[in-house]
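Take a look at this single chain, the form predicted alone, given in structure tokens.
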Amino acid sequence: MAGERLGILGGTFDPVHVGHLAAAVNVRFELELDRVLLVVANQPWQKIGTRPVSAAADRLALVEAAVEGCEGLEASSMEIDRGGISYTADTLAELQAADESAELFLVIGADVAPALSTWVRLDEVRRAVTLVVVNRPGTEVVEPSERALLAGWRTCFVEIPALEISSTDLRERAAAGRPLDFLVPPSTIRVIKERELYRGAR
């Protein structure tokens, strides 16, 4: 019996925005996945020491609000529950231990591909997943000079809408009191206001 086809979209989600959701929805549709987990990092290793990161509980609340009512999308607290620095290899190992029959699809942006070589326990990640690279219409999926970086991976590519949205810009907009409408789901905007997130953030 075939196992669940499970997508994993990890991130800091500080805050989550419609670009994240568009990627998750389109990957689920194109690859006929059963679910896509939006896995909220506890301590994202790439960002340690680079900038303040909102509390994990707040970021999880934002993602939970964002995916509410979205069929097949789920917020995951597994990295928060595990504690410490969040590594993709640990998350995949935990998912495999929970269901050995599951087929795992790791979703990344085309801009992340050049940094794959810096990931911790990369060989474990490569063995565990099919790598799903999302790109925008009219863009090179992976630059010719970077294609060798994907050698040895089971890889597929999914085109998603061209939504140029960055969490950095959203934090700055929120700090300045500018509207987040149509960039962030309304339910998530409510949580940002309720928890008074990003005030003074730059």
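In this text, residue numbers run from 1 along the sequence as written. Please read all numbers here as calculations on a predicted model, not as lab measurements.
FYI, the form predicted together with a small molecule isn't displayed, but the following is about it.
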- Message: Please determine whether R35 contacts the small molecule in the predicted bound form, using a 4.5 Å cut-off between heavy atoms.
- Response: no
| query | If you check in the predicted bound form, is V112 within 4.5 Å of the small molecule, heavy atoms only? | reply | yes
Check: Would V67 sit within 4.5 Å of the small molecule in the predicted bound form, counting heavy atoms only?
Finding: no
Non-hydrogen atom contact N26 with the small molecule in the predicted bound form at 4.5 angstroms | no
In this chain shown alone, the residue from L149, C156, L163, A175 with a heavy atom within 4.5 Å of the small molecule in the predicted bound form is L163
